[in-house]
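This document starts with one chain, in the form predicted on its own, laid out as structure tokens.
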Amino acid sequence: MDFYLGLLQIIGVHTLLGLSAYCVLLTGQVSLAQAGFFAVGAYVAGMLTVLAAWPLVPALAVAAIAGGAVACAVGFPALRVKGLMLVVATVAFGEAVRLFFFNFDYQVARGGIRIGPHGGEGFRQIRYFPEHGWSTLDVVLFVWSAVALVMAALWWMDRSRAGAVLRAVGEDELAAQSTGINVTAVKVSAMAIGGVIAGFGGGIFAHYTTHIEHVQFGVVLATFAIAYPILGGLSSVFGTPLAVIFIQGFLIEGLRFLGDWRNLLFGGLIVLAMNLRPRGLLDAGSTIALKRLFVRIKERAGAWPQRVD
């Protein structure tokens, strides 16, 4: 049972990471900086709960703000370039953040031991959950409550004017600009929202793993971040968790029994999925079909004869 609960935690945290990239991709920008924002949130939240003895929720709030602030600061210069140059610029930022934490050493003595980030050895002793008596199930419920909160916010944003503006910039930047939309402000806002979500997710990640180090926040994690919303589809916020379940639940954990063959199949199955579903696992057609199905189920439930006592 603990294995499956742990897997649910991984899927939940990676869903937050994918949703952070989803916001940026809506504006048509491909950014690999999400792993950097994720790392900032992880270290900030960990230091606040371990070194400053903050409660978890305020620490996560500060981690989210830190991630958003860094994303906003990076967004202004980075979004002056487009396409592959933006990819290169954001990869460089992510590596700069990773190397910063590789050299970051801030430890204090407490109870006869030194605690805090210790360069390449990472940051251990982030034991907020076990020290406060949280069970694995409690952590799962907390993680998925956070995922539900973020998804509800993005679902609402998608149906608001803000979501329409983001998609307008992503579909045709010049047309959007001609209607009076400040394209730079929209892109930076999307980057900042993505940074907030990534920082928040990074804070949760640091606490459920209890140990973080710089190698966890490299290019591979950044690639996963943008792969989730692209594979899941950008027509709906629900495509991202579907892609995370497909990659983390099926490809990585479900095929583990295949051993080394799993690595060979991993890329092939993703390519196959992208060919079969070029607009994502949950594209606009699938969304409409699901809505019609729910309407039919609701109508049949309403037509079902009610029991008379």
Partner chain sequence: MLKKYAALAASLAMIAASAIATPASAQERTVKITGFGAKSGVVRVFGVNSEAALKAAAEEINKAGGVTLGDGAKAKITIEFLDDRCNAEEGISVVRRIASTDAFVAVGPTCSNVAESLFGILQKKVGDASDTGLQFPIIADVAAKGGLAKISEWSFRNVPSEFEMYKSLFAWLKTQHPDLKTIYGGVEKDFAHSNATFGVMKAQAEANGLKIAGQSEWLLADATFSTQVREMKRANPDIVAISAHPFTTCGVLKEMERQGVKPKLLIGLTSSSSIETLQGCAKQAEGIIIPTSFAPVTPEAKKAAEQVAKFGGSADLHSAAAYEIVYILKGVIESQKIMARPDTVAADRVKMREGLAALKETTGLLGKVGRTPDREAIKPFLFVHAKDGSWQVLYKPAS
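Everything quoted here is computed from the prediction, not taken from an experiment. Residue numbers count along the first chain shown, from 1.
Same protein, other form: the form predicted in complex with the partner chain, not shown, and the subject of what follows.
Among heavy atoms of Gly133, some come within 4.5 Å of the partner chain in the predicted bound form. Residue contact with the partner chain in the predicted bound form: Ile252 places a heavy atom within 4.5 Å of it. Among residues of the shown chain, Gln216 is one whose heavy atoms approach the partner chain to within 4.5 Å in the predicted bound form. Using a 4.5 angstroms limit between non-hydrogen atoms, Arg110 is distant from the partner chain in the predicted bound form. Contact check for Ile10, Gln125 and Thr210: all three have a heavy atom within 4.5 Å of the partner chain in the predicted bound form. Comment: the partner chain is not present in this chain, but in the predicted bound form one of Phe142, Phe129, Phe238, Phe93 has a heavy atom within 4.5 Å of it, namely Phe129.
Stretch 200-208 is the answer when you ask which of 200-208, 183-191, 161-169, 148-156 has residues with heavy atoms within 4.5 Å of the partner chain in the predicted bound form.
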